[in-house]
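Only one chain comes next, encoded as structure tokens, the form predicted on its own.
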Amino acid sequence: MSYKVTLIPGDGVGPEVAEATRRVIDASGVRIDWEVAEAGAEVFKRGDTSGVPRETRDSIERTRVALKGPLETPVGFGEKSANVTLRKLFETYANVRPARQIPGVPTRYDGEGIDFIVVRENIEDLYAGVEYENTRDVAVGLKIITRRGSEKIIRYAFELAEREGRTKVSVGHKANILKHTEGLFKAVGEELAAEYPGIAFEHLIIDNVAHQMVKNPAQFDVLVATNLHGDIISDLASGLVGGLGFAASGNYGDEVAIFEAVHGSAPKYAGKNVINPTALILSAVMMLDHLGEKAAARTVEDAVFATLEAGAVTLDVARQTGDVESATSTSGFADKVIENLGRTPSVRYPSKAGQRSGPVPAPRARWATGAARQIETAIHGVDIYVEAEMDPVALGDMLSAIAGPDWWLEFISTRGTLVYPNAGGRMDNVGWWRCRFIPVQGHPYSEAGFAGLLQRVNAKVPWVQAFKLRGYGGKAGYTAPQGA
């Protein structure tokens, strides 16, 4: 049997590690019909602002599987990340990043039993990339967390645990500060845990997750988090087991899977034949598992481990041992892995997978919409953000005077902290204010009243953004400022 796979060599060192990986997979005996496609820097330079041309999208639509080298992402300017665009175009909502001790790779945690999987939500959160420059000096990003997106990724984590025979799922969050966004993620985890009684469940504040990963990483099994937090802690996880040169990942959707190394394009090493291809080779192992070629996946994985155990390491590991002169090249490492196909490492570290005493249950219905949620919704008021180089007391007195008979100004805050009325302490004036208006009793909210308020405010100071304050089932769907 042969498989069609889209191969995106990528930028910087990408073509080198992609070629090394392709040679190893071809030598494994699995027949792959590679469709080579473009994405990233060269595409941006041609004026395609997506970084992912139509031809590449069409190829992935056909093959449903892609293996991708690292892509260059402009930092702080320019186009959106082509990596993120690819994940979103095909709704590959689950980013799976294993972390386990590897034979022949020295770490500070040798022998401690590190073997866990970070499951990172891949579509929403701050990575939705919805940002605004509200003023010349204030930039705002929307942190988007949805119930549907949270359920999909957390259920994926539980079902991954069941498939692999793992025994615990940990939800990492920041719900102590971000009550509504991270709070929703945490709440969905608690709701779903009841459906998986055979799997232990815990939730941890994400900074404690980072602390515990360094202090005692072996305690984790499956760790699921929102997009930004998952990105950070998965890189931390790679540092526990040897570095980004060993960090494999798969992006899974309902119809498409995209496999990639976690590391970047490292342009300063491009063309030097020194980069470590292990991360992309192990990502291709995940791809073979996805294709159902599990025997070949284990063969390639064992060959990689046997190669590393024999002391064939690239520059990144050789620097750790202080023996740079003995470093193996990128292509040379691939040669040795190919030579070792069929061999196994002498040491196999214990795995937490495969310990189930009974059969894996059939997959549950995922993210079914179900009946419409009958929750009372009400609009309690509005937050209007304004740009004004004014003292907050003067601004508050002015806005109170123009609020009209149907609104009253409850408070003004800046960067989440109360500054009017009766606010103690001092806050720097950045010229950006959240002004909360509440309907006066006896004057229920109306769209016309809101429009009139915006006009009156704008006649005095420019308004830059506005939100309705919605309540659900008698609970506020918005936050009060610090100090209120």
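In case it trips you up, residue 1 is the first one in the sequence shown, and so on. What you are looking at is a predicted structure, and each value in this text was computed from that prediction instead of being measured.
Missing here is the form predicted in complex with a small molecule; even so, the following discussion is about that form.
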Candidate spot 137, 383 and 431, all three in 4.5 Å heavy atom range of the small molecule in the model of the complex? no
Contact label in the model of the complex: residue 169 to the small molecule, heavy atom within 4.5 Å: no
Should residue 71 be classed as touching the small molecule in the model of the complex when contacts are defined as heavy atoms within 4.5 Å? yes
Examine residue 238 and determine whether its closest non-hydrogen atom to the small molecule in the model of the complex is within 4.5 angstroms. no
Residue 266 near the small molecule in the model of the complex, any heavy atom under 4.5 Å? yes
Only one of 185-193, 269-277, 333-341, 148-156 has residues with a heavy atom within 4.5 Å of the small molecule in the model of the complex, and that stretch is 269-277
Answer key, the small molecule contact in the model of the complex at 4.5 Å (heavy atoms) among 316, 309, 406, 410: the residue is 316
Have a look at 244, 175, 379, 144 for me and say which one sits with a heavy atom within 4.5 Å of the small molecule in the model of the complex. 244
